[in-house]
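Next up: the same protein chain in two forms, each one alone, written as structure tokens (structure 1, then structure 2).
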Structure 1
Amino acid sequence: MNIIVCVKQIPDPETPAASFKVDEQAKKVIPAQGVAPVVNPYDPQATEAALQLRDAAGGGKVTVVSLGPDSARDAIKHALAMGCDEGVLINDDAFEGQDNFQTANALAKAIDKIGEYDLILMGRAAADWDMGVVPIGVAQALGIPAVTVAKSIEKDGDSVKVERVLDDGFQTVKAPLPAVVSVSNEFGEPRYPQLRQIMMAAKKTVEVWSASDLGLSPDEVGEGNRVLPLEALYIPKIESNVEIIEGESPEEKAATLVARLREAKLI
């Protein structure tokens, strides 16, 4: 079974709010001091799913693809250390500042170039822009079905059986291959690469493709050609008016809180 996994490197989404800064002029996030970028947290789960499916099928290849700056090579190396077979970095200064719609288009072109695939996996969303549109866009560009927010994936002949997480429960669906499936955190913990695997992954080659390698012209990539122009980026203001309930004991504090809530007619 041949699988392509798409991964993205992002600023650590668990960066404490206090160290999160934005350059409003440039409409960009300023990387927090001493906080290294990470692999989008859903992506190792998508990678884990790919590795399990490949191994259950008794063979095949998992190719990891990432569009990003030079440092995104680390995200690819992480997936290779987990056990993926090959890596492709889509890297070109021309992509700087582009939106998810342009990126979905570029990823679809790269997947087309890789050619052989039964299944494409990715995280349900990237935890920077929190949009979740790329899985749908890639599927549409390739003319194949998309199944989103997966909790478990199982190959079933020429199809995949996917359990999806819904707002109010779960849904099990069957989609013909090839298909795109986006993976959610409910999938469970991904494996963590061991030192030996990290060292071996360092030796694996990562191919680098530019915009022109994918047949993308300068007028469809980059910030200037966004389909969804970014007009402003800022940190919303939060003001604190908290009253800390004082008291000698937890019982006293509880009594005061209940009194306050009753005064405010909240209970």
Structure 2
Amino acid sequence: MNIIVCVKQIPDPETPAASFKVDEQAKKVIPAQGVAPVVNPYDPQATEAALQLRDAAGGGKVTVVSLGPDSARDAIKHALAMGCDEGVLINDDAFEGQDNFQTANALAKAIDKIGEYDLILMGRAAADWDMGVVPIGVAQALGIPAVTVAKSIEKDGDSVKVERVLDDGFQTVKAPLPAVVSVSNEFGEPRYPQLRQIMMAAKKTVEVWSASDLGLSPDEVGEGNRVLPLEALYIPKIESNVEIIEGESPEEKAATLVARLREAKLI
């Protein structure tokens, strides 16, 4: 069974609030000093699912793909240390500032270039923007089914059976292969790479593809060609004004509260 796993490197979600800064003019997050980026926390579950499916099928190949800067190799190396077979990094300055829809298109082009695949797995969302649109976007670009927010996955002949997480329970669906499935944290804890596996992964070569390698034209990539324009990026300012209602009795406090609400034209 040949599986492709898409992973992403993001700013550490555990970054102290005081260290998190945004350049509102440039509409960009300023990397926190001394805090290294990390693998998107949902992606190791997708990697674990891929490895379990490969092993259950008795063989195959798991290829891990990431779009990002050169440092995104670390996210790929982590998946390789878990047991993936090959890694591909999509790295090009032309991708700077693009949106999730452009990213989905670039990943779909890379998957086409990889060739043979039975299943594409991703985390349910990236924890930085938390939009969860890339899995569906990749499926749409490739013209194949998509199943989202999976807690369990199993191959069933020429199909994949997925148990999905809903707000009020679970849903089991079946989709023909090839398909895209996004994996949720409910899938379970991923395996932790051992030192020997980490050392072996460090020796593996990660192939690097540019926008031109994927056949992407200049008008398909970059901030100027975003499908979803970014109007503003800022840290919300949270302010609160609290007034303690005083009074000799509950009735007096209630009357004062009503007077305040009427002054504010809330009642």
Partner chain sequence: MSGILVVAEVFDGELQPISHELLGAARKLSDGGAGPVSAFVAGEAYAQDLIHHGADTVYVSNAQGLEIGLADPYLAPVNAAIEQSGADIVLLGQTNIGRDLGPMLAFHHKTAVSMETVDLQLQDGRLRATRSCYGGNARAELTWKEKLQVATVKGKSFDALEPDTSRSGEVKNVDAAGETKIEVLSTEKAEASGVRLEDAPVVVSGGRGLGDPSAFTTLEELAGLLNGATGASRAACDLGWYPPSQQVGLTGKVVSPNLYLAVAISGASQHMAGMAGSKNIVSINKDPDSNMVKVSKYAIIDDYKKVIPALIEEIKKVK
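The structure presented is a predicted model; accordingly, all values stated were derived computationally and were not measured. For clarity, a rigid core is taken as the largest C-alpha set superposing within 1.5 Å between two forms. Shifts are known only where both forms have a C-alpha. By convention here, residues take numbers in order along the sequence of structure 1, the first being 1.
Legend: structure 1 corresponds to the form predicted in complex with its partner chain, while structure 2 does not. This chain moves as two rigid pieces, and the smaller piece turns through 55° between structures 1 and 2.
The two forms line up on their rigid core, and N241 then has its Cα shifted by 6.0 Å between structures 1 and 2.
Taking the core as reference, the Cα of P16 moves 3.0 angstrom between structures 1 and 2. Taking residues common to both forms and aligning the rigid core, Cα displacements of 2 Å or more over three or more consecutive positions between structures 1 and 2 occur in 14 to 19, 239 to 267.
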